[in-house]
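Read the single chain below, which is given as structure tokens and is the form predicted alone.
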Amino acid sequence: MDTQVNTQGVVMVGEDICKQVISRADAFAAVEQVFGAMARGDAYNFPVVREAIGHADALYGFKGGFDRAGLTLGLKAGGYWPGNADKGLTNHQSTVCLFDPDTGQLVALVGGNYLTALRTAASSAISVAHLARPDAKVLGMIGAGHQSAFQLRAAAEQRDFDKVVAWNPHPDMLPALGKVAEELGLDFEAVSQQDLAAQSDVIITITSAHQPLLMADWVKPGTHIACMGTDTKGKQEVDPALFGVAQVFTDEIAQSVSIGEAQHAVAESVIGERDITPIGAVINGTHAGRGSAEAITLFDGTGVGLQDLAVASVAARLAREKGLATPLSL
């Protein structure tokens, strides 16, 4: 997919326009392409800046990178404001800035809230597409917040699931996720964490937990796990022992071992960096992926800046083509 943005003038693409122009399929293709480029050395992420600002309990930071293959350069600025829900706003707030790699000029300002949810779901869906057993039938969801619906919809397009089982620390949030499953024609059941692991062929964790919610001895052979909630030091969703029994894949190894789910397994010497494979290697065909039907596979989705740039670039291009981008004078 050509993800280059027309550089004839600066444009703004707001949240509502992003929702109109970019599909899950667009996001999947863009993220899959950039993961492959990363594994080939054609794209790289810049170091992440993420800080508690000492106001409103907010975390704020920057993720950026350069994709030589797609000629996409830029950054996402934003973070997490836990009090936003009380104000009728999304807790995660971000904006993507795209630049012309030939001149350094600003090309586009793109709303990042919807795209962050879309690209995160695309990431886990890519892991399901490339690592889950073809005959997977039961999808387990640990977490039922805003992002969970995006995760469920994207994952459901990758395998012929017939049932969703789910657990959330706040059970009152589960019915909303159940409605999404119903829309997709899937049976839905709220279960305990242990029962979820016993039933599931694919498990997606998408929480802000700081302690394990899924233990290694609960997971059955052949399961694929996508850990999508850990993107900061201290966060944790699964038992570090899982990394010792699973084939481990990630979006970027450097982030996985420092701020991703693997940080805990590495700290406890369960695994090392050499035990983690970039998902891009599977996409490119340089790694076989799942070793057997009985293997447990685990994808550590830390969320890299290049994902944001990839989907924002597509959204900007499509908005220009449809005449929906707003010209800016700087």
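These numbers were taken from a predicted model, which means no experiment stands behind them. In case it trips you up, residue 1 is the first one in the sequence shown, and so on.
Absent from the display: the form predicted in complex with a small molecule. The rest refers to it.
Looking at R119, you'd find a heavy atom of it within 4.5 angstroms of the small molecule in the model of the complex.
For the chain shown alone, G289 is not a contact residue for the small molecule in the model of the complex, no non-hydrogen atom being within 4.5 angstroms. Heavy atoms of T302 reach within 4.5 Å of the small molecule in the model of the complex, making it an interface residue. The closest non-hydrogen atom of A176 lies beyond 4.5 Å of the small molecule in the model of the complex. Remark: none of the three candidate residues (R133, G140 and I225) comes within 4.5 Å of the small molecule in the model of the complex, counting heavy atoms only.
Of the stretches 181-189, 81-89, 98-106, 111-119, only 111-119 has residues with a heavy atom within 4.5 Å of the small molecule in the model of the complex. Of the listed positions (L152, V248, A166, I206), a single one reaches within 4.5 angstroms of the small molecule by any non-hydrogen atom in the model of the complex, namely I206.
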